[in-house]
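Single chain ahead, by itself, as structure tokens, in the form predicted on its own.
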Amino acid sequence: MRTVVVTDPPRADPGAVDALAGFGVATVHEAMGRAGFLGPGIRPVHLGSRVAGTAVTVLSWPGDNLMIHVAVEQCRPGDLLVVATTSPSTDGMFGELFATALQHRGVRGLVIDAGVRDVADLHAMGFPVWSAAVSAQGTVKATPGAVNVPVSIGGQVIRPGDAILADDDGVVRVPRETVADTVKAARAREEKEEATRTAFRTGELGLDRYGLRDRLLELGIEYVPYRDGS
């Protein structure tokens, strides 16, 4: 690993990122062809938040939060901090003091493939966090890592400046070059879902709405009457 801090990486268009926050993670994930989801292991510490921001990435050693301190300086308003570790870790690498510093810089939240602590304080101050664990276990500040380099979480490579969308369903990454197109695709999907919702409210069945009856025949599924003793 090259121990480096990359300054001023390209970022996704702020207006497009703000528009992305109008859609849920599931909608955007589907709109991208079921791509970009960081997996079920990254969960919200508290429910009820939806944020989108541009990624400032951190690669740290497990149990060492030195590079998070370094990354704070690189953050701008509208960013979202994304932290990965060189090997699995559940230590509480982030807490209320970090959140206070990031809020001052206009950072919208945190995604971390490790542990966090001070969760009651994070909730009280309205700083949204998605993490792999909650742990009171402390950390050291001793080992060099990297800031604003590509990192991997849940099989997804996140580059600095990519758009990150997070809500109660998890976290999805949108490449910085495709955010505007993804917003259009998500809007089209949402409109389609609203039409389906209206149809369901009037009694239409998914079997008919999605043309599934022929599929049932192809799969050999039979409807048979119930008979006593059968």
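Residues carry their position along the shown sequence, with the first being 1. Owing to the predicted nature of the structure, the values given are computational and were not obtained by experimental measurement.
The following text describes the form predicted in complex with another copy of the chain, which does not appear among the structures shown.
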_Taking a heavy atom within 4.5 Å as contact, would all three of Val45, His104 and Val119 count as contacting another copy of the chain in the predicted bound form?_
yes
*Can Glu30 be called a contact residue for another copy of the chain in the predicted bound form at 4.5 Å between heavy atoms?*
yes
*asked:* Within 4.5 Å, heavy atoms only: does Pro175 come near another copy of the chain in the predicted bound form?
replied: no
*With the partner left out of view, is Ala19 within 4.5 angstroms of another copy of the chain in the predicted bound form by any non-hydrogen atom?*
no
*Verify the contact flag for Pro10: yes if a non-hydrogen atom of it lies within 4.5 Å of a non-hydrogen atom of another copy of the chain in the predicted bound form, no if not.*
yes
*Taking heavy atoms and a 4.5 Å limit, what residues of 202-228 are near another copy of the chain in the predicted bound form?*
Thr202, Gly203, Leu205, Gly206, Leu207, Tyr210, Leu212, Arg213, Arg215, Leu216, Leu219, Gly220, Ile221, Glu222, Tyr223, Val224, Pro225, Tyr226
